[in-house]
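Only one chain is given next, in structure tokens, and it is the form predicted alone.
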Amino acid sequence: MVRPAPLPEIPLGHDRPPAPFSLPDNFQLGTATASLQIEGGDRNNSWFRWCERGRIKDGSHCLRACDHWNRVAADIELQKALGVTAYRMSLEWSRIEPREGTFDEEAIALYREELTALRKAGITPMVTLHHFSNPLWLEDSGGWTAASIVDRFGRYTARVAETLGDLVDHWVTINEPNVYLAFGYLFGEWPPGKRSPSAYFTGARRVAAAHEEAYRLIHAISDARGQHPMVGIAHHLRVYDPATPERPDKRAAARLQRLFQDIFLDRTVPFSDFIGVNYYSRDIVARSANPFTAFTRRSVKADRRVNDLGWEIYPEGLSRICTQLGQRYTLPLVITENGIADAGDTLRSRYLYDHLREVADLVSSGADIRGYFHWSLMDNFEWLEGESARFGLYAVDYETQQRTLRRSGEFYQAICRDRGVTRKSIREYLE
């Protein structure tokens, strides 16, 4: 197999003065969430048990989250107020199939109501089938390292496509399989808490096979009803740059890119209609004798801005990633996640501007990028970080469940209204 070329260098532009830009009329501007992170109330999933074991850094619990399960209509109104044209959401497998082979028709009906309401509001749903959480029966029977996962995920996918597929034109089968497998099966920091390189690679093979099966099923079921949906994976893609120009550091960065990203792209792109790009940051990688320690031998350049989690703010990386994908593959791209942990809301407006300007420049130069989904609509339960990491355009008071639009949310509202950034919005939100 031909090894991918290093990520192309893009001239630094994050400090360039803001200037107006526009996006095509058919370009989707949306927000993204995940079911486990916002719904609350579900005790039948792997993250509920992880929280019960006290594994969350700030001591919070996914059982509360944002209570979205009981506030769907109100949260759709939040999106309408923003003026978004699309919404990426996920379904909770543990709600839909609470016991193996047994489907909860009431849960399916509630998701159907949500999808119907979104479409009625003029918001196109993009539906994710798996976003980091598993039903307990699946977790306890091998999860994503068991050979049975392909058939099990296929059964779940088929039921969802049969009962909800007429309302869905864009599917994400699996969200960030590399992140899920690395933290759950390599580092042991997420459920199921394993530390096994072999489990990581076994999981990677299972993910590819499960995605292929889901892709086939969705298209077969949709074709029978005269639909032609787009199906893909949301890949977590970072820039990995060497700590020095020396060959050992370059090799370490290339190895990390290969192990963490490229093996998933190469195995799933042949069975995809688009590539979902979840982009947040860049890592600086130093040499290591053990390839797996490269996962932890990462740093941030001292002169770079960072978010609340210490991740470098590096908008140029989005162009570098998309440029490389365009060189390697022929599929359209969708920015399925991009956002910043910024509790004080002092960085998010400029973060939005810088990353969307990269997208606008790429589109104007001919890149086939169909949409941008900001992570996230509102603050949510951010996995191991709990409630402490604030990614939302809407701030959430978890005690009262009050949602409040941040100033950066007002800026995104203006971007959605104007289909880009105007001089007026630059003066109001960036100066």
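The numbering used is simple: start at 1 and walk along the sequence shown. Since the model is a prediction, treat every value here as computed from it, not as a measurement.
Quick note: we don't show the form predicted together with a small molecule, though the next part is all about it.
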query	finding
Any non-hydrogen atom of H131 within 4.5 angstroms of the small molecule in the model of the complex	yes
4.5 Å heavy atom contact, F391 to the small molecule in the model of the complex	yes
4.5 Å heavy atom contact, Y353 to the small molecule in the model of the complex	no
Non-hydrogen atom contact E176 with the small molecule in the model of the complex at 4.5 angstroms	yes
Segment assignment from 47-55, 65-73, 401-409, 375-383: heavy atom within 4.5 Å of the small molecule in the model of the complex	375-383
Heavy atom within 4.5 Å of the small molecule in the model of the complex - the one residue of Y185, Y215, Y156, Y280 that qualifies	Y280
Contact assignment for the small molecule in the model of the complex, among E358, E97, E114, E337, heavy atom within 4.5 Å	E337
